[in-house]
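Here you get one chain, nothing else, as structure tokens; it is the form predicted on its own.
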């Protein structure tokens, strides 16, 4: 079982969306996937995956012995992945208790731990249960700076692998030199990128309706990211936007 924490330090970079989309892609590939929400204060992984109305038990109930782990898992409507909801108001949960719940998911191939924003206790609780880490950032200066801080903290843990996902890249802007390229960001942070996700309005448009459609620009990028994670490779490239036919005026 591979236990991968998805973190960022800074909130609002699309970390939860990356967690859900990556997990669903791997589930489509035939892997047994659990998406675990480690944000016990502002949990929203169940909302992003559309499973919030079906939650009966959560990770806090499992830790307290009020239910078995299989009773807390909620099936994802859009894939074979399962969601382990977080415990609202469970900020006092210890790292040991959280780690015990994650370790009990023995029938999985992948457990993705959606880490809370920031670098406080919630961050350390989530990372302590993982064996690998994915740091999500965007091309903004503040997000890159926060990613650098997170990478420094992660280096203190005995993780098997630490990788980078650069989210919300605008290929048109990188082509004009108006935005940093993903490989430049990876080089600056000294961490290999396993995924480059383009800015995609389909993510916002379809997220509340269900799964992002296969024709969306970001879906190809998530497929490449999932293959890298499954194969433990670091091959990635920025997705090129299709050329638009120039309108002629007469």
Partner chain sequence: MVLKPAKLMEERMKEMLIRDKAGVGEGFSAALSGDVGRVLGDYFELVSRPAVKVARGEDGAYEVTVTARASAVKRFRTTEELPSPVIPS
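This is a predicted model, so every value here is computed, not measured. Residue numbers count along the first chain shown, from 1.
The protein also exists as the form predicted together with the partner chain; that form is not presented, and the subsequent description refers to it.
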| property | result |
| --- | --- |
| 41, 119 and 128 all contacting the partner chain in the predicted bound form, non-hydrogen atom within 4.5 Å | no |
| Contact segment among 145-153, 67-75, 98-106, 161-169, judged by heavy atoms lying within 4.5 Å of the partner chain in the predicted bound form | 145-153 |
| Position in contact with the partner chain when the complex is considered in the predicted bound form, options 93, 87, 111, 179, heavy atoms within 4.5 Å | 179 |
| Close approach of residue 188 to the partner chain in the predicted bound form, 4.5 Å, heavy atom | yes |
| Partner contact for residue 80 in the predicted bound form: the partner chain, 4.5 angstroms, heavy atom | no |
| Exercise: residue 184 in contact with the partner chain in the predicted bound form, heavy atom 4.5 Å | yes |
| Stretch 92-121 - residues with a heavy atom within 4.5 Å of the partner chain in the predicted bound form | none |
